[in-house]
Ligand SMILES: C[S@@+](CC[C@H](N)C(=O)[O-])C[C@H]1O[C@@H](n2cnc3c(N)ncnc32)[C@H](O)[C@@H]1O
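A lone chain, given as structure tokens: the form predicted alone.
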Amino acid sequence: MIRASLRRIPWARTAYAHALSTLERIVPLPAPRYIQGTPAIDDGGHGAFYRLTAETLGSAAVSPETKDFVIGVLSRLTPIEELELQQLKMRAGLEKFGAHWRHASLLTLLSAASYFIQPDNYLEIGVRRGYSAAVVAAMCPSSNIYGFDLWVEDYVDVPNPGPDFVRGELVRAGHQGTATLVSGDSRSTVPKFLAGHPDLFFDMITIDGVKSIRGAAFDFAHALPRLKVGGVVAYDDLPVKPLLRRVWNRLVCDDDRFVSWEFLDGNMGVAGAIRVKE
């Protein structure tokens, strides 16, 4: 009550934001507890000779072919202005710059990763209307999708209908696998779910939920130990929420279990990493 009242006072609101920013810079981050014997993605026995590299993943994420695929998937989903703008932007960029257009988004990164990995199990924290999951589903129809979200009504001023709507969107994208969608705060639902499925590991993970340092770090700490060796983790909104870079750097880039790739341009950007060892 007092905090809500203070936020209505300009100077108090500024002071509160500054204090919160300072706290997020210094608060300790939870550390992932990695699991001995983590399985690796089946690479057909070629791992000793070559593997998916971060630059290969990034190259595919910015390619015209990947953008064309994503446009096609979005065109199959329930029409909404947000989707139409995304498609318009990609079509305009391709028309003007062709193959020279170096642009990536969470959707193109997931499309590229899905193409290379062909995931059996995909984990997504922060599902919203299901755009990202639909891209994975379209590329790999038989994949098993596990999604966690609060499904906040009108999130970022866009209707957010909930899990039943998302299931319908996945069907529109061609999904034929199972879709396990869990409602609630990921900081409690994800660890509870994983504790009940100790043998479940994921080929791909997207973390796009809570946009606070502590909240994002908890999502990473719970999810990363369940990423298979050779699997990909994707992360969005680094330019929009610069403080989140602390989480990405500390828990992924500074850990030699991963090799990473980023696309950053102004207020746009996405990051991805490949787990290269147990």
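In this text, all values refer to a predicted model and were calculated from it rather than measured experimentally. For every residue, the number given is its place in the sequence shown, counted from 1.
The form predicted together with this ligand is left out here; the points below concern that form.
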### Query
Using a 4.5 Å heavy atom cut-off, are Gly126, Asn160 and Val210 all in contact with this ligand in the predicted bound form?
yes
### Query
Of Leu94, Leu150, Leu194, Leu181, which one comes within 4.5 Å of this ligand in the predicted bound form, counting heavy atoms only?
Leu150
### Task
Quick one: from Ser132, Ser105, Ser143, Ser114, grab the residue that has a heavy atom within 4.5 Å of this ligand in the predicted bound form.
Ser132
### Query
Which single stretch, out of 196-204, 167-175, 96-104, 183-191, brings residue heavy atoms within 4.5 Å of this ligand in the predicted bound form?
183-191
